[in-house]
Each structure stands twice: as structure tokens, then as C-alpha cells.
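Only one chain is shown below, in C-alpha cells, and it's the form predicted alone.
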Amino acid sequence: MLCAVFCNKICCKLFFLGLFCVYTLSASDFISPTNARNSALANSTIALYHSGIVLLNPAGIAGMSSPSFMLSSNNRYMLPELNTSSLSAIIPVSVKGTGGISASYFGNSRFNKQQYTMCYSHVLGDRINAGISFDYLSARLPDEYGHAYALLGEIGMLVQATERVSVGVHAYNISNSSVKPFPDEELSCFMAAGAAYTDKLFVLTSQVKINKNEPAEFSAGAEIIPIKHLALRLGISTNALMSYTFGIGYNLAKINADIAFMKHPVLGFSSGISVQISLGNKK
């Protein structure tokens, strides 16, 4: 009896993992780079001001006073084949303008996906930032399918509504690009909006994402700072099935280190780690 139950659980997990892999390996589903802080907050950080948001909302990097670099790694369900590595850099180009670049890699020598992003964000006023990104997506497919690629654009905006409340909006694939040379393979095209409440000892985040032909996804997160330099994080997301996230972060001088864990109800745990180095004092 116990063996039957155990086998059923294993088969169920393998079944859903197979479906996930088919979805992941399709030409239209490119990688979604992120960092460990975002992951621990269930990727609900669209309305936060921090350098890692170059991967989620280009408007978030405006006003950065010094360059910074971040290295991230995200592993899905503890499988080496489902690992994504990302490197991003933030470079101020003027008092009000900031540029950002990122590169991400997923897969192995036979099958892999890359994303290269260039973005620019500008301070439009005392309370408004706006940004734009251009992404080049590339996938090396099995031999019989060859190479797939796409070029798309993103726009974002951040508004400091009050001293502690910020609001962010983000539109992905505003050009409605498709995958070349597979015009029937559509890329994600979505809009997201969220809000954040920031205090010295805690941060609350929330976000709603509306994807074309898919149900709306809601996510929320909380970050608490119990002692100096240490942050504890929790998050929840309604993407397909309810999933939970948690993690910790440590800030020492010019180095931020973050670890995140994500719990899928069927497929189990994923993990993420990121390290950010700032070359000067943040604004």
C-alpha cells in the first residue's frame, strides 16, 4: 500500500515536470531572468526602487548615483538542466539618467536560451521615473529545429505617490514580436501594475500581471529587517497553482547577498542566489 502511494506521488511529479519541460523548451517561452530578492518576494517588486529591477521594470534604476553589478543564479526544482544565470550592470550616465545592461543564460550545449537587455531610465520629475528596454532573445534548439530569436521592447514607469508608497507599471513586448523564423510561435505580451510600502524596518509589495490569453496573476511579498543589515522575506503568487517564496538578505557596506527559495505545490523547491556589488554610495 505504501509503495503504491509512493509510486503514485513520483509518477504525478514526473508527469507535471514533463509538462513543465515541454512548456519551457518551446520556442516561444524564453527565460525570465530575476534576482534572489525579487524571487523571495514572489517577483512582486515592480514598484520598488533598486538596481536589480533592471530585470523587471526599467524605470526602477533612474537616479542611481553610482555603478553597480549583480550576479544571479536561479535553479528550478533542483535540476541542473533548469538553471538560469544572469549578470547585470547599472551605470549612471547623467544626474537624472541611468543605463543598464543584463545577460542571461539557460540550458546546456545542446539546448540553451539567452536574453540580452539594454535599458535606459530617466527622472522626469520629483516623483516620476520612466524607462525603456530592448531585449534580444535567442534560443539554440535541437538540430532539426535550428536557431530561434526575437527582438522586443519594454516600457515602465514608477511614481512616488507618497513618502512611503510607490506605484509601478510595466508593459512587456510592446512591439508584439513573434519568434523568428517561427511566426506562429507567440511571445508573452503582458502588462503589470503594483504598489509598494517602504519603511525603515519593513517593506510590503503587491503586483497584478495580465498576460494575453491567460488568467491574471497576483503576487505579494513582505520584507522585515529585524536587525541591522539582515532582511527576512516572504511571498505568495497565484501563477497557475499557488506557490510560496521565502528568503534572506544581508547587506554589508557595498555588498548585498541574497538567497531565495520557492515552493511549488507539485514540483517542489526552487532556489536562487544573487550578489550585488556597488562601486559607490547609493542615492
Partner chain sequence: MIKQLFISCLFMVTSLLHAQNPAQTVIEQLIEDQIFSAEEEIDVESLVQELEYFSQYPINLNATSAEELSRLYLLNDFQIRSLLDYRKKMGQIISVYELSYIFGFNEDLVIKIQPFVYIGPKNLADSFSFKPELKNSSGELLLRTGYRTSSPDNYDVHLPEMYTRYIYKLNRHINAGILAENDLNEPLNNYGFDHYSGFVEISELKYTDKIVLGEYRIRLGQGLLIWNGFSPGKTSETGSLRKKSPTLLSNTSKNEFNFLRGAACVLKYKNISLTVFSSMQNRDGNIDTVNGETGLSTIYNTGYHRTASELENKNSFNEITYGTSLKFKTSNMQLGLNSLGMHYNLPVLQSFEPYKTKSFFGTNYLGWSADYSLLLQQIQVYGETAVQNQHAASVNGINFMPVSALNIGVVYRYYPAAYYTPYPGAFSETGKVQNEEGIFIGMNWSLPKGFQISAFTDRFTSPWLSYTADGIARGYHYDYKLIYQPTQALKIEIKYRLKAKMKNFSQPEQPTNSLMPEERENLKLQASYMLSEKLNMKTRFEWCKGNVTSISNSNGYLLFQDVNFKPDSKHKITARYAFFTVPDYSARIYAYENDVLYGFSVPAYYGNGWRAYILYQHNLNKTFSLWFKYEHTEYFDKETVNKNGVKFQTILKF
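Residue numbers count along the first chain shown, from 1. This is a predicted model, so every value here is computed, not measured.
Below, we turn to the form predicted in complex with its partner chain, even though it does not appear here.
Contact with its partner chain in the predicted bound form, defined as a heavy atom within 4.5 Å, holds for exactly one of 91, 208, 151, 71, namely 208. Contact with its partner chain in the predicted bound form, judged by any heavy atom within 4.5 Å, is made by just one of 169, 130, 82, 179: 169. Residues 157, 162 and 191 are all found to lie within 4.5 Å of its partner chain in the predicted bound form, as judged by heavy atom distances. Contact annotation: residue 96 falls outside 4.5 Å of its partner chain in the predicted bound form, judged by heavy atom distances. Residue contact with its partner chain in the predicted bound form: residue 253 places no heavy atom within 4.5 Å of it.
Using a 4.5 angstroms limit between non-hydrogen atoms, residue 101 is distant from its partner chain in the predicted bound form. Taking the partner from elsewhere, residue 174 is found to have a heavy atom lying within 4.5 Å of its partner chain in the predicted bound form. Considering its partner chain in the predicted bound form, the lone stretch of 226 to 234, 35 to 43, 213 to 221, 253 to 261 in range is 213 to 221 [heavy atom distance within 4.5 Å].
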